[in-house]
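Consider the single chain below, provided in structure tokens and representing the form predicted alone.
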């Protein structure tokens, strides 16, 4: 039996509301019986397009995700969106700690930890991004960075009951249009991350509560090379998820 595969489409700030809805509808109409068997597809449009995309994928197996959530549920926080508000729109997944939010929006290890807790409290699934910068890798600090990011991200995080977390290794130096990490590099980080999770929660928790995926220049040509790793069960896809002519070939590689 094939392992379950999760494809998270991060559309960033790339599509208009209508463009996001049209793409979502096209994906809904593409082999709908196959999406949802061993493949779970999650679409993460801009906040402004969440309602339109939610309508487009209604009565399908496609899931709705958000690109961010604030760490308070309500209050005087102009410009922020809470997990409660996202849940009301049908959102099931939330990307947390993406490197672009760290770089441009001042996100840090502490805010990532706070967001993870609130997202889980609302019954949503956080997709937590981890990854070193080009400078950190050049200075041989990649592992130190991942250890710091993950240790803080999971600090006092309760994974009891039905709660689960997606951990995404997305090195900043491998985000499109740069070349992706090699399967060997991903494997090395997978081993490190699995051991860290075990150190924090004990044996067995990684397999039960953690879904590990890779992100960074994923496309139809390389997606299967990452999934050959038994611990990698999916991918966070950026540019290759923005058009049907790029995204469909990637999906075909996973369902045929």
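Numbering follows the first chain given and starts at 1. Everything numeric here is computed off the predicted structure, so don't read it as measured data.
Another form, the form predicted together with 2-phosphoglycolic acid, is not on view; read the next lines as being about it.
Proximity to 2-phosphoglycolic acid in the predicted bound form, defined as a heavy atom within 4.5 Å, holds among 121, 185, 100, 143 only for 100. Contact with 2-phosphoglycolic acid in the predicted bound form, defined as a heavy atom within 4.5 Å, holds for exactly one of 150, 81, 175, 165, namely 175.
With a 4.5 Å cutoff on heavy atoms, residue 170 counts as touching 2-phosphoglycolic acid in the predicted bound form. The shortest heavy atom separation between residue 24 and 2-phosphoglycolic acid in the predicted bound form exceeds 4.5 Å. 2-phosphoglycolic acid in the predicted bound form comes within 4.5 Å of a heavy atom belonging to residue 12. Proximity of residue 45 to 2-phosphoglycolic acid in the predicted bound form: non-hydrogen atoms within 4.5 Å are absent; the residue sits far from the partner. Proximity to 2-phosphoglycolic acid in the predicted bound form, taken as heavy atoms within 4.5 Å, picks out 214-222 from the listed stretches 37-45, 214-222, 191-199, 59-67.
For the stretch 208-247, the set of residues having any non-hydrogen atom within 4.5 angstroms of 2-phosphoglycolic acid in the predicted bound form comprises 216, 217, 218, 236, 237, 238, 239, in sequence order.
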